[in-house]
Every structure is written in structure tokens, then in C-alpha cells.
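Shown below, as C-alpha cells, is a lone chain in the form predicted on its own; questions about how it binds or moves come after it.
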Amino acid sequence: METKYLIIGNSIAGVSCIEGIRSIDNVGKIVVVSKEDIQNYSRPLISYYLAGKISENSMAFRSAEFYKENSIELILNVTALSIDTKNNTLITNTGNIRFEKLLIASGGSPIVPNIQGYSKDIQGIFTFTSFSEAKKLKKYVEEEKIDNAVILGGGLIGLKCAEGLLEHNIKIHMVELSDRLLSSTLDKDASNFIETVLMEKGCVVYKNDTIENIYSENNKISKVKLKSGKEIETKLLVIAVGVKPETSFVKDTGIQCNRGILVDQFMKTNISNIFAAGDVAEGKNLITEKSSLIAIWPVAARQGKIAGINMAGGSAVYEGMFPMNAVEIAGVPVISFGITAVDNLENYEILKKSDGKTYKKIVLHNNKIVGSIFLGKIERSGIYAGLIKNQINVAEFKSFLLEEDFGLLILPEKYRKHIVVGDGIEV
């Protein structure tokens, strides 16, 4: 098979790449290959599917007509094995595909730590990073009538999974290696708030701990033992310690990688006709101005669109974005942006406000907002994201940042035209 444009991955980065290409080239052949068995789905919604709040038919973010209207050849259940960069060929489990331009948008794969007694063949052990995993987990929960579960990992994936399982009245034991939940995005105050909400729902949280052993009977999980010595009987374990960029097929291809695939401001790799976007790509962090992995939906969408435009001969620049995370636990919404936990307070200024039901934190560096946390009340958080994005000096109105009525109208007129609320975040 041959094509002008080849896209590996059919999530938001790949779909946005299609839109970028078609904004310039309406006729060039586009082939999309995906390892999944579904046309597309909104990954942030898998916890709502697990909870039974939405159906499978509501998961798609683009209809089947999208592919027809854009003349896309979509091939599912395809695993990328390697790339022959000299001959512009992708080697897959179903055959080879020659290309002129290639986008790697393969996303990430779940990290499964080395745990004594673990086997992928043991029933009742799941990960939670894809829709297919969520479907298997939901089916198992319902068929086995699960009433308690262990989640290894108290980050965003673990909490989103907990959100879904709580709707099934399942008691959750959450095991987290660090000293707090959501340690990469929340400070201790916000994390303690979330932990309290979980405990009120009957959850048990084990911090500074991990799973040391998994026990099974008749090829089904029966118990886990923590490093602390605590033993928990369970028929369900969800491993949610994180994801790693899916770059296994890039090895020995000459494509430069660090943690992910390195890209420039045009989303181009070190090989001129190969691009990368989404969770697999290391692009510019707007705050640190360094290359980093920012595995979130809005970043993947923007990077994919930029890549598509440039693959089709246009000229678009990725100016960088910053970490943004959103989660809702037991009805409590939380959003964080940028740098939220800092150790060297000499270089940062911290503003905080809490009334027991809500929490707001602003992190400043040289009178510019570089991070923020909103818990319980998030309606105006987009304004702060705009201040970060546009790197606005807030010295003139810093005293108003924590006020309940802070908004665009409080900003001096000269700043208002610069504030643009960024891409939406699905919670």
C-alpha cells in the first residue's frame, strides 16, 4: 500500500492532523492506522463510561461521516512494528505501507511495575488507559459483582478510575507511592482535601506504600500484600501508576527520542518528512521553555493540527502549551495549571485562599502566574489559564487574584485584549 500521508494513531492528535492536512490539501491520500478496534473515542470520558453515565455510542468525538467527508482510509487493529526511514515505509502486523509524510501519534501505553506474583493471565487485574480496557473492566465488575477493589496509583488515572468505580458502590483501597494523591499536579493542601472526600465515600488511602506481592487462586486474583505488610483481600486490582510514550516501534530507526519523540516548533522530528504529536511527543513547555511530555487532550489536539498543516506544505508554529489537569471526585471538581508545587520559595510567591469547601492557589514568578489550583469552584479558572498563556505581568492587580469576583472586568483595559481562554478541558 502507498499513500501521501500516513498517520499512526486515531485519537485527538491524529484526527486533528487530518483536519490540518485537509485545510490545505483536499485531495492527497490519507491513511490512518490504529491499534484499537473502534473508530475513535474521547479518552477523558472512559471513567464516565465505567460509571454507567454514558453509553458506548456517546464516546466518539468524530462521527463515521468525518472519515468519509475527508476521504480517509481508516484501518483498525493494526500494530506498528517498525519504520524503515530510508525507504519511507511503515512495517505493521498486517503488511507494509509506503508514505511521503508520516505522523507518529501513537499515544502512550500503561506502565506495569514489576510485582511479585503478577501475570497478565491472572483474571481481575486491569489497567485503565483505553476504552477497550474500560469495557473489559466494566464487564468484569458487573459479572463478578465486585464490592471492593484495589487501585495502585493515586494520580489522575487512578482517581478517574476511582470516580467510575464509586458509582458501582465499590469500596476502594488506593495505594500511592508518594506522600499524597495527585502528587504531580496538586500540593498537599489540595491533595488532603481530595483524600478527605474519598474517605467520606468509604475509600481507604495508603500513602508512601506500594504493592509487593499479588496472590491468586484458580487463576483469579485473591489478595495483595503491601510493602508496609498490610494484606488486602480483593477480586479486582487496577494498575494505574502512569503511562509511557508508545515508542517501541521507533527503536533503531534514527528518530531521536528522549522520554518521548523530540520535535521542533513545526512538530517535525530530526527526519524531515516524519512528524510526531500528542502523548508520544516532547514539545515546548510554554512556562519552562524546555521540551517536555504534556500528555493531555488540548496539547495533543493543538500539536496534531500544527503537524497536519506543515505536512501539507503550510507554515504553522507550535508556540508551546503547559500542563493542565482536570478531575472530578465524588462531585468535587479540581483543575490545575502549570507549576503547582515549588520547593524553592525564594524564587516564587504563593497566594492561597480556602473556606473549607473550596481552595484556590496561585503560584507567581517575577509577577507572572506560572501555576494555579482550583478546587470545588472552577468556573473562572480559564481566565487564569489565559494569564499564564499570555505571560501577563499581574503586579498591577495581584491583590485581586484571589477575590471571588475576579474576572476580565477587573483587569486593566490594556490587558483584556491579550487574554484568550485556552482550549477546553474535559472533566
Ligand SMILES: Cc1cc2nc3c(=O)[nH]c(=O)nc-3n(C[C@H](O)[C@H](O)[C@H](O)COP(=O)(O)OP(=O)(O)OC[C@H]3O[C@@H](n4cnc5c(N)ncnc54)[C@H](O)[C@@H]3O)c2cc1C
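Counting begins at 1, following the sequence as shown. What you see is a predicted model; the values in this text were computed from it and never measured.
Quick note: we don't show the form predicted in complex with the named molecule, though the next part is all about it.
S.K.: Considering Ile46, Leu375, Val363, Leu387, which brings a non-hydrogen atom within 4.5 Å of the named molecule in the predicted complex?
M.R.: Selected residue: Ile46.
S.K.: Using a 4.5 Å cut on heavy atoms, which of Thr129, Thr253, Asn88, Thr234 is close to the named molecule in the predicted complex?
M.R.: Answer to the contact question: Thr129.
S.K.: Which one of these stretches, 112-120, 291-299, 254-262, 207-215, sits within 4.5 Å of the named molecule in the predicted complex when only heavy atoms are counted?
M.R.: Only one stretch qualifies here: 291-299.
S.K.: Do Gly108 and the named molecule share at least one heavy atom pair within 4.5 Å in the predicted complex?
M.R.: Answer yes; at least one heavy atom of Gly108 falls within 4.5 Å of the named molecule in the predicted complex.
S.K.: Against the named molecule in the predicted complex, would Ile157 count as a contact residue? Criterion: heavy atoms within 4.5 Å.
M.R.: Contact with the named molecule, yes.
S.K.: Is Glu246 close enough to the named molecule in the predicted complex to count, meaning some heavy atom within 4.5 Å?
M.R.: Within the cut-off, so yes.
S.K.: Taking the shortest heavy atom distance, is Ser354 within 4.5 Å of the named molecule in the predicted complex?
M.R.: Close contact is absent here: in the predicted complex, Ser354 is far from the named molecule, nothing within 4.5 Å, heavy atoms only.
S.K.: Can you name the residues of 3-19 that have a non-hydrogen atom within 4.5 angstroms of the named molecule in the predicted complex?
M.R.: The stretch touches the partner through Ile8, Gly9, Asn10, Ser11, Ile12, Ala13, Gly14.
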